[in-house]
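Presented below, as structure tokens, is a lone chain in the form predicted on its own.
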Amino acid sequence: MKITIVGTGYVGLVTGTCFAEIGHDVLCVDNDERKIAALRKLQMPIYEDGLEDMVRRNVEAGRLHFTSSIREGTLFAEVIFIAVGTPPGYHGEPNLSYVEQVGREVAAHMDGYRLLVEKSTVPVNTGEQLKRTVTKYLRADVDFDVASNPEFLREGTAIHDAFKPDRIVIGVESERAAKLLREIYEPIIRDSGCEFLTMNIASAELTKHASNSFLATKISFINAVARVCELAGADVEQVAHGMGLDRRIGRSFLRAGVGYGGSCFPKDVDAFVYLADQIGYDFTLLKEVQKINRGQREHILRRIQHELWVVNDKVIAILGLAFKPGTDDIRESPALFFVPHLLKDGARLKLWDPVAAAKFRELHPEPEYLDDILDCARDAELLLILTDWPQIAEIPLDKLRDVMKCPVIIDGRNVLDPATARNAGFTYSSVGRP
């Protein structure tokens, strides 16, 4: 089947490439002509494990194409997935201007039936607004449908998630739309055995926000438990393990740290809170989730300030700039909180990340960026771990201690074993562990 994907960010590029991999003919559209030119040269705008090889393979097979023309994309396929950005506004409300723009431009070029599928994370009732927009700007008397197909991809494992999803959710208003989406996903359904859930559009839209907000709640809950553990002398990892063995709770997302970040959880929780406020429900539970997440970073910042006493002119090494391992995405990463605060206090920062350093340097060129962990830690008076890259756990602690001016580690991801670190001569603190 021919498929058009509008937007070549994390969701659009991964989705389009995976559709091509299972045999569909895919055209990816983006209004950023430089990005399209780079993709045609097989230069990736993002880092995602396995993505570059898959793009190359499908471009060479003639199943994956790129264009900056929305007209070309509209005329190319019967099914058009909208995977453009929905960045948060001042009050947490999602900016839907890109979605609306795609609706207008697609409507202007439709020459027959089209199915417009919301792939971007959008608030409930966006489908109704999109349908109204397309109707208003149609230049021909043609039929169309709007559907919702929320994505549940995790950055760092997005390709695996695309082929082995927990479920595929679609929100539709017609049998025609449901049949088309089922046909697109049939190879994945057959190979993975996942459930294919059909519901109305509003329910599908809400499923995405509710899912991410619940996962963010689990993270904030275990971070709040970690604070109690620190005061009580308990070990949050043992507590989380004991909780997670209960099948009703589960172990996933019960890992204490510096809080959630990335392109989804902060934005989706903010949007869900805003939506609830708009329709008359005070979602105090999620507001507390937001408060705990902010407070966790402030708590660790106070710990840094306590350890150094005077931050000014101190050398601090930071390991990890991406919001999680396996990606170069720095949106809402913990480092975006700590780096400005520490620079403002006069710290001299040395930063390391295996894939996200280039993106981070564009926002903060002031610190020193190193490619080697030991070089980054050299002469540091404190080492701060913000992303649990596997390379960090493999650091030879004796060599790390020898290159640092002061052997002090604040482990915001509980990467290292406390006893091992202290036996190696470090003043070591982590999250929720005695």
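The structure displayed is predicted, hence computed values, not measured ones. When you see a residue number, it is the position in the sequence shown, counting from 1.
FYI, the form predicted in complex with a small molecule isn't displayed, but the following is about it.
Undergrad: What I'd like checked is whether 154, 259 and 265 together line the small molecule in the model of the complex, meaning each has a non-hydrogen atom within 4.5 Å of it.
TA: Checked in the model of the complex: all three residues contact the small molecule.
Undergrad: To test your reading of this chain, name the stretch in 109-117, 247-255, 312-320, 137-145 whose heavy atoms come within 4.5 Å of the small molecule in the model of the complex.
TA: Result of the contact check: 247-255.
Undergrad: Is there a non-hydrogen atom of residue 74 within 4.5 angstroms of a non-hydrogen atom of the small molecule in the model of the complex?
TA: Contact check for residue 74: no, nothing within 4.5 Å of the small molecule in the model of the complex.
Undergrad: Residue-level question: is residue 234 within 4.5 Å of the small molecule in the model of the complex, judged on heavy atoms?
TA: Taking the distances in the model of the complex, the answer for residue 234 is no, it never comes within 4.5 Å of the small molecule.
Undergrad: Give a yes/no on whether residue 324 approaches the small molecule to within 4.5 Å in the model of the complex, heavy atoms considered.
TA: Residue 324: contacts the small molecule in the model of the complex.
Undergrad: Just checking whether residue 84 would be counted as a contact of the small molecule in the model of the complex - the rule being heavy atoms within 4.5 angstroms.
TA: No - in the model of the complex, heavy atoms of residue 84 and the small molecule never come within 4.5 Å of each other.
Undergrad: Out of 149, 126, 212, 296, which one falls within 4.5 Å of the small molecule in the model of the complex, going by heavy atoms?
TA: Of the candidates 149, 126, 212, 296, 212 is the one lying within 4.5 Å of the small molecule in the model of the complex.
Undergrad: Check each of 273, 349, 181, 219 and return the one that places a heavy atom within 4.5 angstroms of the small molecule in the model of the complex.
TA: So the residue touching the small molecule in the model of the complex, by this definition, is 219.
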